[in-house]
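First, one chain by itself: the form predicted alone, in structure tokens.
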């Protein structure tokens, strides 16, 4: 029976001809963030608060996620918000806090950069630069972070196709930087019961089309705290190389996105479950020795 070529990944031109395509590097790319390698056998967990709010909040959360098994700390110093009246982040003060906590806790840091003028500043404090959903097609910014040579966490645009997502990554690779991680964080559909529709089918598709590591953000993908654990487990089951999860020491007091943030106990419980899922699909998650 004849198949519809529209659904054949090999017919998508960028999969064979561009730097981001799987054929450009069949063995796959491993992204190295200060010794933490994403894209290998280990499923790497990135965790921390949506936004940096205070030293106490960041320190307590960083310590908890490290003790739970996270390998990289996330935290937003600059926050793109839909309303100009919402909390926009602490800016440079937040970056300095991230840098301090990084040294004290010993976790590499990823934080968002929103503007070409911020790249040098953010790079001075962070080990990995995040390009958020709203900036996935900000081509001058993609070129700038490509030239920075820092590892890049590129989030899928909320209305982007797989092709558009990979072509955005191509802008970064085209500047000579192949240390790029693709992040599925949910897309906007007609469904309103969740914040976004978490497209887990994107994980195996991206890994088939591209050599870049793929991680999943179940926090933004659902917007609901109780949905984060099952979707995180499902992401590992379908082949994600890592997860980025929002964790807050007091979610009910969070300035932003507390409704989708796990507390410390929830995070530790989830990590135990994720380890079992990873082992079932021949991957691994290394947890600290409880003793």
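Since we're looking at a predicted model, the values are computed, not measured. Positions refer to the first chain, counted from 1.
Separately, the form predicted in complex with a small molecule exists; it is not shown, and the next lines address it.
Asker: With a 4.5 Å heavy atom cut-off, would you call residue 211 a contact of the small molecule in the model of the complex?
Answerer: Result no; residue 211 lies far from the small molecule in the model of the complex.
Asker: Using a 4.5 Å heavy atom cut-off, state whether residue 80 contacts the small molecule in the model of the complex.
Answerer: Although the small molecule is absent here, residue 80 would touch it in the model of the complex, with heavy atoms inside 4.5 Å.
Asker: Hey, in the model of the complex, is residue 246 touching the small molecule, heavy atoms inside 4.5 Å?
Answerer: Contact with the small molecule, yes.
Asker: With the cut-off set at 4.5 Å between non-hydrogen atoms, does residue 151 touch the small molecule in the model of the complex?
Answerer: Contact check for residue 151: no, nothing within 4.5 Å of the small molecule in the model of the complex.
Asker: Just one stretch in 115-123, 99-107, 163-171, 131-139 has heavy atoms within 4.5 Å of the small molecule in the model of the complex, so which one is it?
Answerer: Single hit among the candidates: 131-139.
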